[in-house]
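So this first bit is one chain, no partners, the form predicted alone, shown in structure tokens.
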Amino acid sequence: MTKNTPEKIVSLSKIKMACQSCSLYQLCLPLGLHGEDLERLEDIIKRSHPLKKGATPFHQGDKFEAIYAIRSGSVKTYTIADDGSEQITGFHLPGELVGLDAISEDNHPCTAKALETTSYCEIPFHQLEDLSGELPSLRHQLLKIMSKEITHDANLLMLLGKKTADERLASLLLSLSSRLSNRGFSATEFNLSMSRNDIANYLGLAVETVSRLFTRFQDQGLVKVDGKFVQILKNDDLKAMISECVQSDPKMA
């Protein structure tokens, strides 16, 4: 090692303060927590090794023990039907929680799979539940997150049941744009971590239809597409394609 090359030393104090220093601090559970309260939450959080693409933190039917906060990368959740077919239920980005839908039955109703190398925080739910009973701000934040999950599920049913194919894809692109923007990334240029097959499955469309829609949107000058790279050129025109109630859901994906 040369004199000018700094050693990569992991500081235990930095690990302890990861929540406060994390760029997602205002988007995850610590919202509204400060000082000693935040330290109490950090004490129960387990920061796991990164998941490789295709790895699964939990499977459908697994006993529910923790929820997972995505720190980097992205995850898809899906269920397996009796006939073995896969139905994607969501795409999850940094700052979002995965696993809340397992609370009612105490078992995970879906499988989570990393779409790319993904890091996350594992939060044991029973410890979180006990702590939220002592910290009103944490309890309030949990209720807000759960409410958003309910709204997301309702809007997804409407999207799949009443929207045209064009509106479905426009809704997904606008959702990803908004959520990435909230996390400090570009709202107009981003890479899709999910495949065309995954998008088609989630939107209830044929993969050929999704490919045709991307081509049509590009021909209309709405977007520019190069493989998985998407550039939104006419955000307002995409918004005009969908109803206000779908636009209001920041987690439609």
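Residue positions are given as counts along the sequence shown, with the first one as 1. Everything numeric in this text was worked out from a predicted model, so none of it was measured.
Although not depicted, the form predicted together with the DNA is the subject of the following passage.
- Remark: A55 does not count among the residues lining the DNA in the predicted bound form, judged by a heavy atom distance of 4.5 Å or less.
- Although the partner is absent here, E122 sits far enough away that none of its heavy atoms falls within 4.5 Å of the DNA in the predicted bound form.
- In the predicted bound form, at least one heavy atom of R196 sits within 4.5 Å of a heavy atom of the DNA.
- Within 4.5 Å of any heavy atom of the DNA in the predicted bound form lies no heavy atom of H59.
- For a residue to qualify, one of its non-hydrogen atoms must sit within 4.5 Å of the DNA in the predicted bound form; all three of A165, A206 and R212 qualify.
- Think of it this way: in the predicted bound form, the DNA has a heavy atom of just one of K224, K228, K46, R40 within 4.5 Å, and the residue is K228.
- Considering the DNA in the predicted bound form, the lone stretch of 77-85, 165-173, 94-102, 111-119 in range is 165-173 [heavy atom distance within 4.5 Å].
- If you take 86-113 and check each residue for a heavy atom within 4.5 Å of the DNA in the predicted bound form, you get nothing at all.
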